[in-house]
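Read the single chain below, which is given as structure tokens and is the form predicted alone.
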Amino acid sequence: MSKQTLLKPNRRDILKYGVASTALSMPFVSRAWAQTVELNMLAWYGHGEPDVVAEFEAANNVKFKPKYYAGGDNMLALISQSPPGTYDVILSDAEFVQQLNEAGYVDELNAADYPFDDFLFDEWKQFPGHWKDGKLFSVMVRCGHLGVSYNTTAVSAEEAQSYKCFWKPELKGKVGHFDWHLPNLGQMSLLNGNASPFDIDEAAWGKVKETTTSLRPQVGGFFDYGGTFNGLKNGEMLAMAGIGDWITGVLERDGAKVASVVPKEGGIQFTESWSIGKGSKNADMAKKFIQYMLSPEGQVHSARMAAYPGFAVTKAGRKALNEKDPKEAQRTGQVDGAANDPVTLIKEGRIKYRGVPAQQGLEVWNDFWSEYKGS
């Protein structure tokens, strides 16, 4: 064969060898030949955004189609109005998992598929509501703490150590509520001294309503995520009940004079978990995604989420966060020995898991919240 022949391969040679060599040198090209898998996601805002899922999408030829909600009640309503199989992955607040399961909205999971041995707490392996009759239906992937959120120019760090600061005279008309009854009423229950803020008898529930009603003259509005964020950002609201660093952290990272603390009465943990939707046609890829979110890389993306930060739930995830972004790890207390270390706060018993009302029923709390807003 002549040198000229080697330099000028014919069209047949190109088709025979050229594509193969390109695929070997650029392995990602071969994925483009396969049909992109669309994963329908139901979640709080941010979980389907590029800062969280772009790497997974690129590595697995996946495209997420997120549907966002705010509040577990809204999440349940959206699923109930959708045909089975609509959502491949469902992010839910942990207290709603059992309702998802009882309604037949999620599939059973295999516990062996997930790194429970790496969780920061043994109790998180058997998190309330995630299991039923020894069967797993949801996996915890992140969490955060709710407490006193405030403008640091209007409320001192000392004042913020109690929910009572919401009644500060100077804050009249400047206290906002994140518009969801569970975190707000849970905080009022903690202020009243209830060790189990969501499991209270009728007498204690009556006192929670009284305490909450007494705050109404201070309240300047009830807000969704965007309204809460903007209200604190522009100073329209100087304190906010029902939230925590998951909102103020975004502002704080941008230099805003806001902060969130767990007060002396205690704080509430929100816990977010992934399930696979019943009837999903992409259950294997959905499982792979949940596994990714529990990997060190996934945990870092979750903790640093642009929409709202959170805590890593695995030891490897926490370690990776400290290596990747030590400043954010320090800011959120995810460092051994930090005063606001979430692990320490939980061990000290200062954190209560957010739940649904155990003795009144969800609709009773929701009805009171509607009355309170309209008063």
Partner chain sequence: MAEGQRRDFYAWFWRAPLLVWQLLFFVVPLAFMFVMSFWLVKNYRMTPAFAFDNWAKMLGWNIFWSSYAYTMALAVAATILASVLAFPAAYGLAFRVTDTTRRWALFFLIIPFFTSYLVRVYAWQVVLAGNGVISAMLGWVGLGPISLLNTPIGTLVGYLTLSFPLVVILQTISLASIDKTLIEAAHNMGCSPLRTVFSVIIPAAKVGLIVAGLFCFILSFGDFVSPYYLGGSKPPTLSIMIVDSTKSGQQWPRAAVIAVVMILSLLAIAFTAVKFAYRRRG
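Since the structure is predicted, the reported quantities are computational estimates derived from the model, not experimental observations. Positions refer to the first chain, counted from 1.
Form predicted together with its partner chain: not shown, discussed below.
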query	finding
Residue among 255, 226, 206, 193 with a heavy atom within 4.5 Å of its partner chain in the predicted complex	226
156, 214, 81, 110 - the one with a heavy atom within 4.5 Å of its partner chain in the predicted complex	81
Candidate stretches 140 to 148, 273 to 281, 99 to 107, 163 to 171, one within 4.5 Å of its partner chain in the predicted complex by heavy atom	99 to 107
Close approach of residue 126 to its partner chain in the predicted complex, 4.5 Å, heavy atom	no
Interface membership of residue 181, its partner chain in the predicted complex, 4.5 Å heavy atom rule	yes
Close approach of residue 237 to its partner chain in the predicted complex, 4.5 Å, heavy atom	yes
Its partner chain contact in the predicted complex: residue 76, any heavy atom under 4.5 Å	yes
Residues within stretch 355 to 375 having a non-hydrogen atom within 4.5 Å of its partner chain in the predicted complex	362, 363, 366, 367, 370, 371, 373, 374
